[in-house]
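First, one chain by itself: the form predicted alone, in C-alpha coordinates.
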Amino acid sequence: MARVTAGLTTSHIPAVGAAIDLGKTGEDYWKPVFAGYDFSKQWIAEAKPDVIFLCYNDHATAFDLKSIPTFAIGCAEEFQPADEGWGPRPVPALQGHPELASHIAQSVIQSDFDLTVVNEMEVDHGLTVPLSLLFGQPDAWPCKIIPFAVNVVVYPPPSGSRCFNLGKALREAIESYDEDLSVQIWGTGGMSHQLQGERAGLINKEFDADFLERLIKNPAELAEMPHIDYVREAGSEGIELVMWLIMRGALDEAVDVIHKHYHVPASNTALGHLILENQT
(Lines give C-alpha, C1' and ligand atoms only; values in the text may rest on other atoms or scores of the structure.)
Protein backbone atom coordinates (compact mmCIF):
# COMPACT_ATOMS: atom_id res chain seq x y z
CA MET A 1 0.00 0.00 0.00
CA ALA A 2 1.07 3.61 -0.48
CA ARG A 3 2.23 5.42 2.65
CA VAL A 4 2.89 8.96 3.82
CA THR A 5 6.55 8.95 4.79
CA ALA A 6 7.24 12.59 5.68
CA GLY A 7 5.89 16.11 5.76
CA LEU A 8 7.78 19.19 4.64
CA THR A 9 7.07 22.91 4.72
CA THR A 10 8.87 25.75 3.03
CA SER A 11 8.34 29.29 1.88
CA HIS A 12 8.01 29.77 -1.89
CA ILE A 13 9.39 33.30 -2.29
CA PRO A 14 9.76 34.21 -6.00
CA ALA A 15 13.03 36.12 -5.40
CA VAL A 16 14.52 32.88 -4.07
CA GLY A 17 13.76 31.23 -7.39
CA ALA A 18 15.32 34.16 -9.23
CA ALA A 19 18.47 33.87 -7.08
CA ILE A 20 18.77 30.21 -8.08
CA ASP A 21 18.09 30.85 -11.77
CA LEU A 22 20.54 33.78 -11.97
CA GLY A 23 23.35 32.05 -10.06
CA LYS A 24 23.23 34.36 -7.03
CA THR A 25 22.96 31.74 -4.27
CA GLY A 26 26.58 32.31 -3.23
CA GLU A 27 26.13 36.05 -2.69
CA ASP A 28 26.39 37.28 0.89
CA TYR A 29 22.72 38.24 1.05
CA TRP A 30 21.51 34.82 -0.09
CA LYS A 31 24.05 32.48 1.54
CA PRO A 32 22.20 32.08 4.88
CA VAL A 33 18.92 31.40 3.06
CA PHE A 34 20.29 28.51 1.01
CA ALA A 35 22.56 27.16 3.76
CA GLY A 36 19.37 26.15 5.59
CA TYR A 37 18.57 23.71 2.77
CA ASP A 38 21.92 21.91 2.60
CA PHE A 39 20.75 19.24 5.06
CA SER A 40 17.37 19.02 3.31
CA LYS A 41 18.98 18.22 -0.04
CA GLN A 42 20.94 15.35 1.52
CA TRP A 43 17.87 14.11 3.39
CA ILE A 44 15.61 13.98 0.34
CA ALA A 45 18.31 12.33 -1.78
CA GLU A 46 18.32 9.51 0.77
CA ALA A 47 14.54 9.47 1.30
CA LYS A 48 13.83 9.15 -2.45
CA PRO A 49 10.06 9.76 -2.46
CA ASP A 50 8.11 8.26 -5.32
CA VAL A 51 5.50 11.04 -5.25
CA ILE A 52 5.28 14.50 -3.72
CA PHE A 53 1.81 15.88 -3.04
CA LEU A 54 2.58 19.58 -3.11
CA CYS A 55 0.18 22.16 -1.65
CA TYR A 56 0.74 25.66 -2.99
CA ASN A 57 -1.23 28.71 -4.04
CA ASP A 58 -1.57 29.83 -7.61
CA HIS A 59 -0.62 33.48 -8.24
CA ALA A 60 -3.15 34.31 -10.99
CA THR A 61 -1.53 32.10 -13.61
CA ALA A 62 -3.65 28.94 -13.82
CA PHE A 63 -6.67 30.68 -12.27
CA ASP A 64 -7.99 34.23 -12.31
CA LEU A 65 -11.10 36.08 -11.17
CA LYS A 66 -13.19 34.15 -13.69
CA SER A 67 -12.65 30.90 -11.77
CA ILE A 68 -11.24 30.49 -8.27
CA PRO A 69 -11.44 26.97 -6.83
CA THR A 70 -10.82 26.62 -3.11
CA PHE A 71 -9.01 23.31 -3.60
CA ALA A 72 -7.81 22.10 -7.02
CA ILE A 73 -5.97 18.83 -7.64
CA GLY A 74 -3.90 18.32 -10.77
CA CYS A 75 -4.64 14.96 -12.36
CA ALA A 76 -2.70 15.33 -15.60
CA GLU A 77 0.36 13.46 -16.86
CA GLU A 78 2.44 16.64 -17.11
CA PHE A 79 2.45 20.25 -15.94
CA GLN A 80 4.53 22.97 -17.59
CA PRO A 81 6.10 25.93 -15.70
CA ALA A 82 4.07 29.10 -16.15
CA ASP A 83 5.12 32.40 -17.69
CA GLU A 84 4.52 34.91 -14.87
CA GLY A 85 5.41 37.92 -16.96
CA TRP A 86 9.12 37.45 -17.59
CA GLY A 87 9.10 34.02 -19.22
CA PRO A 88 8.79 30.59 -17.59
CA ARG A 89 11.42 29.64 -15.02
CA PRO A 90 14.16 27.44 -16.55
CA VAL A 91 12.99 24.35 -14.66
CA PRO A 92 11.76 20.95 -15.87
CA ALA A 93 8.11 20.19 -16.49
CA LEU A 94 6.42 18.24 -13.72
CA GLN A 95 5.55 14.61 -14.32
CA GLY A 96 2.25 13.96 -12.56
CA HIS A 97 0.77 10.76 -11.19
CA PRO A 98 -2.75 10.77 -12.65
CA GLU A 99 -3.69 7.37 -11.20
CA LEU A 100 -2.88 8.33 -7.61
CA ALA A 101 -4.27 11.85 -8.08
CA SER A 102 -7.58 10.50 -9.39
CA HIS A 103 -7.74 8.01 -6.52
CA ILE A 104 -7.14 10.84 -4.03
CA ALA A 105 -9.83 12.96 -5.68
CA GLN A 106 -12.37 10.16 -5.46
CA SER A 107 -11.55 9.32 -1.84
CA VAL A 108 -11.39 12.90 -0.58
CA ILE A 109 -14.53 14.03 -2.41
CA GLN A 110 -16.42 11.07 -1.01
CA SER A 111 -15.16 12.14 2.42
CA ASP A 112 -17.15 15.36 1.89
CA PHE A 113 -14.34 17.67 0.72
CA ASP A 114 -15.12 19.42 -2.55
CA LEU A 115 -12.09 19.32 -4.85
CA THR A 116 -11.85 20.75 -8.36
CA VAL A 117 -10.26 18.22 -10.70
CA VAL A 118 -7.89 19.94 -13.13
CA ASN A 119 -6.53 18.10 -16.16
CA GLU A 120 -4.61 21.00 -17.71
CA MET A 121 -2.80 23.83 -15.95
CA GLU A 122 0.56 25.54 -15.75
CA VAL A 123 2.31 25.85 -12.39
CA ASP A 124 4.00 28.98 -11.05
CA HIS A 125 6.71 29.83 -8.51
CA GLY A 126 4.49 28.73 -5.63
CA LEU A 127 5.26 25.17 -6.70
CA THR A 128 8.55 25.37 -8.61
CA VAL A 129 10.57 27.32 -6.02
CA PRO A 130 10.13 24.66 -3.29
CA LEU A 131 11.22 21.98 -5.77
CA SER A 132 14.32 24.01 -6.68
CA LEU A 133 15.20 24.48 -3.02
CA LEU A 134 15.20 20.74 -2.39
CA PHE A 135 16.41 19.36 -5.72
CA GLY A 136 18.55 22.15 -7.17
CA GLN A 137 18.65 22.45 -10.95
CA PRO A 138 18.21 18.94 -12.41
CA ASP A 139 17.37 18.10 -16.00
CA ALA A 140 14.24 16.35 -14.67
CA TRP A 141 12.57 16.26 -11.27
CA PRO A 142 13.48 12.93 -9.63
CA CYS A 143 9.92 11.93 -8.67
CA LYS A 144 6.29 12.33 -9.66
CA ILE A 145 4.51 15.44 -8.36
CA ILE A 146 0.80 16.03 -7.75
CA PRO A 147 0.06 19.78 -7.65
CA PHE A 148 -2.64 20.84 -5.20
CA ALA A 149 -3.66 24.49 -5.47
CA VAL A 150 -5.30 26.19 -2.47
CA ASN A 151 -7.00 29.57 -2.72
CA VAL A 152 -5.37 31.89 -0.19
CA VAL A 153 -5.39 34.89 -2.53
CA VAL A 154 -9.05 35.90 -2.89
CA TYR A 155 -11.37 36.08 0.10
CA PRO A 156 -12.62 33.80 1.54
CA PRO A 157 -9.79 31.27 1.93
CA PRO A 158 -10.39 27.93 3.66
CA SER A 159 -10.07 27.83 7.43
CA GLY A 160 -7.13 26.30 9.21
CA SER A 161 -9.34 23.57 10.65
CA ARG A 162 -10.68 22.75 7.18
CA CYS A 163 -7.13 22.39 5.90
CA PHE A 164 -6.03 20.31 8.90
CA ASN A 165 -8.94 17.91 8.47
CA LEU A 166 -8.30 17.77 4.73
CA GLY A 167 -4.81 16.54 5.55
CA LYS A 168 -6.31 13.68 7.53
CA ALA A 169 -8.58 12.73 4.63
CA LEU A 170 -5.62 13.01 2.28
CA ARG A 171 -3.58 10.53 4.31
CA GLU A 172 -6.49 8.08 4.39
CA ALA A 173 -6.80 8.36 0.63
CA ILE A 174 -3.09 7.76 0.03
CA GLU A 175 -2.92 4.80 2.38
CA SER A 176 -5.85 3.14 0.60
CA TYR A 177 -4.04 3.22 -2.75
CA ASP A 178 -3.00 -0.28 -3.75
CA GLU A 179 0.59 0.32 -4.84
CA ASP A 180 3.81 0.44 -2.84
CA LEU A 181 4.61 4.16 -3.01
CA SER A 182 6.50 6.51 -0.70
CA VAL A 183 4.54 9.78 -0.66
CA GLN A 184 5.61 13.06 0.92
CA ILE A 185 3.18 15.89 1.69
CA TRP A 186 4.53 19.42 1.24
CA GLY A 187 2.88 22.60 2.51
CA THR A 188 4.31 25.80 1.07
CA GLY A 189 4.01 29.58 1.44
CA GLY A 190 4.53 31.96 4.33
CA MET A 191 5.80 32.84 6.77
CA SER A 192 4.84 36.33 7.97
CA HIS A 193 4.80 38.88 5.17
CA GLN A 194 2.69 41.57 3.57
CA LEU A 195 3.25 42.84 0.05
CA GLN A 196 1.08 45.95 -0.09
CA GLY A 197 -0.55 48.76 1.89
CA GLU A 198 0.66 50.63 4.95
CA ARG A 199 2.07 47.46 6.53
CA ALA A 200 4.05 46.33 3.45
CA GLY A 201 7.24 44.62 4.60
CA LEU A 202 5.74 43.37 7.87
CA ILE A 203 7.67 40.51 9.51
CA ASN A 204 6.63 39.12 12.90
CA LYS A 205 9.34 36.83 14.28
CA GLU A 206 7.46 36.13 17.50
CA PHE A 207 4.37 34.95 15.63
CA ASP A 208 6.45 32.81 13.30
CA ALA A 209 8.33 31.11 16.14
CA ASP A 210 5.09 30.41 17.99
CA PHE A 211 3.45 29.06 14.82
CA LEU A 212 6.32 26.64 14.22
CA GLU A 213 6.21 25.31 17.78
CA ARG A 214 2.45 24.89 17.78
CA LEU A 215 2.49 23.26 14.35
CA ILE A 216 4.92 20.67 15.69
CA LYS A 217 3.46 20.08 19.16
CA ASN A 218 -0.20 21.08 19.11
CA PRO A 219 -1.51 21.33 15.55
CA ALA A 220 -5.16 20.61 16.40
CA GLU A 221 -5.30 23.69 18.62
CA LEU A 222 -3.37 25.78 16.08
CA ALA A 223 -5.86 24.77 13.40
CA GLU A 224 -8.61 26.65 15.29
CA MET A 225 -6.87 30.02 14.88
CA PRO A 226 -9.21 32.35 12.93
CA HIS A 227 -8.33 34.11 9.70
CA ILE A 228 -8.13 37.52 11.32
CA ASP A 229 -5.25 36.39 13.54
CA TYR A 230 -3.19 35.42 10.50
CA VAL A 231 -3.86 38.80 8.88
CA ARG A 232 -3.33 40.83 12.04
CA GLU A 233 -0.19 39.04 13.24
CA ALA A 234 1.41 37.68 10.05
CA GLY A 235 0.29 40.15 7.39
CA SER A 236 -2.15 39.77 4.53
CA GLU A 237 -0.08 37.04 2.88
CA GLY A 238 0.47 35.19 6.15
CA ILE A 239 -2.75 33.28 5.46
CA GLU A 240 -0.64 31.06 3.18
CA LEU A 241 0.33 29.21 6.36
CA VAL A 242 -2.97 27.32 6.38
CA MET A 243 -1.40 25.16 3.66
CA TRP A 244 1.15 23.96 6.21
CA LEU A 245 -1.79 22.58 8.20
CA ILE A 246 -2.74 20.29 5.31
CA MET A 247 0.69 18.71 5.59
CA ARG A 248 0.47 18.49 9.38
CA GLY A 249 -2.98 16.88 9.30
CA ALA A 250 -1.54 14.06 7.18
CA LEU A 251 0.96 13.09 9.91
CA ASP A 252 0.62 11.50 13.34
CA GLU A 253 0.00 13.64 16.40
CA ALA A 254 3.56 12.95 17.60
CA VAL A 255 6.32 13.74 15.11
CA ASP A 256 10.09 14.02 15.05
CA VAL A 257 11.60 17.29 13.86
CA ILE A 258 14.22 16.24 11.33
CA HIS A 259 15.19 19.76 10.31
CA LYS A 260 14.16 23.34 11.05
CA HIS A 261 15.25 26.55 9.34
CA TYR A 262 14.12 30.16 9.78
CA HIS A 263 15.64 33.27 8.27
CA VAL A 264 14.73 36.93 7.80
CA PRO A 265 14.64 38.67 5.53
CA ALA A 266 14.51 36.78 2.26
CA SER A 267 13.36 39.49 -0.09
CA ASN A 268 10.68 41.15 2.11
CA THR A 269 9.53 37.88 3.66
CA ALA A 270 10.19 35.67 6.66
CA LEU A 271 11.38 32.31 5.35
CA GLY A 272 10.51 29.11 7.21
CA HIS A 273 11.24 25.44 6.55
CA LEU A 274 10.48 22.19 8.42
CA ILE A 275 10.94 18.49 7.82
CA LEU A 276 8.76 16.24 10.00
CA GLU A 277 8.49 12.46 10.27
CA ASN A 278 6.15 10.30 12.31
CA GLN A 279 7.66 8.87 15.47
CA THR A 280 6.26 5.43 14.67
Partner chain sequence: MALEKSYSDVPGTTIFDADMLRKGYHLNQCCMSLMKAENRERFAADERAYLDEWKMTEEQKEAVLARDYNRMIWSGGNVYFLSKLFSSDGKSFQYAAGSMTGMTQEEYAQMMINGGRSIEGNRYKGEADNG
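Note that this is a predicted model, so its numbers are computed, not measured. Numbering follows the first chain given and starts at 1.
Omitted here: the form predicted together with its partner chain. The next part is about that form.
Enquirer: Would you please decide whether residue 200 lies within 4.5 angstroms of its partner chain in the predicted complex, comparing each non-hydrogen atom pair?
Expert: Flag for residue 200 set to yes.
Enquirer: Contact with its partner chain in the predicted complex for residue 38, defined as at least one heavy atom pair within 4.5 Å: yes or no?
Expert: Answer no; every heavy atom of residue 38 is more than 4.5 Å from its partner chain in the predicted complex.
Enquirer: Examine residue 232 and determine whether its closest non-hydrogen atom to its partner chain in the predicted complex is within 4.5 angstroms.
Expert: Looking in the predicted complex, residue contacts with its partner chain include residue 232, since a heavy atom lies within 4.5 Å.
Enquirer: So, residue 264 and its partner chain: in the predicted complex, are they within 4.5 Å at any heavy atom pair?
Expert: Judged by the heavy-atom cut-off of 4.5 Å, residue 264 is in contact with its partner chain in the predicted complex.
Enquirer: Which of these residues, 209, 195, 93, 109, gets a heavy atom within 4.5 Å of its partner chain in the predicted complex?
Expert: So the residue touching its partner chain in the predicted complex, by this definition, is 195.
Enquirer: Within 4.5 Å of its partner chain in the predicted complex, counting heavy atoms only, one of 135 to 143, 79 to 87, 112 to 120, 170 to 178 shows up; tell me which.
Expert: Looking at the partner contacts, the answer comes out as 79 to 87.
Enquirer: Should the three residues 60, 65 and 154 be counted as contacting its partner chain in the predicted complex, with contact defined as a heavy atom within 4.5 Å for each?
Expert: Result yes, every residue of the spot touches its partner chain.
Enquirer: Quick one: name the residues from 221 to 254 with any non-hydrogen atom within 4.5 angstroms of its partner chain in the predicted complex.
Expert: 228, 231, 232, 233, 236, 237, 240, in sequence order.
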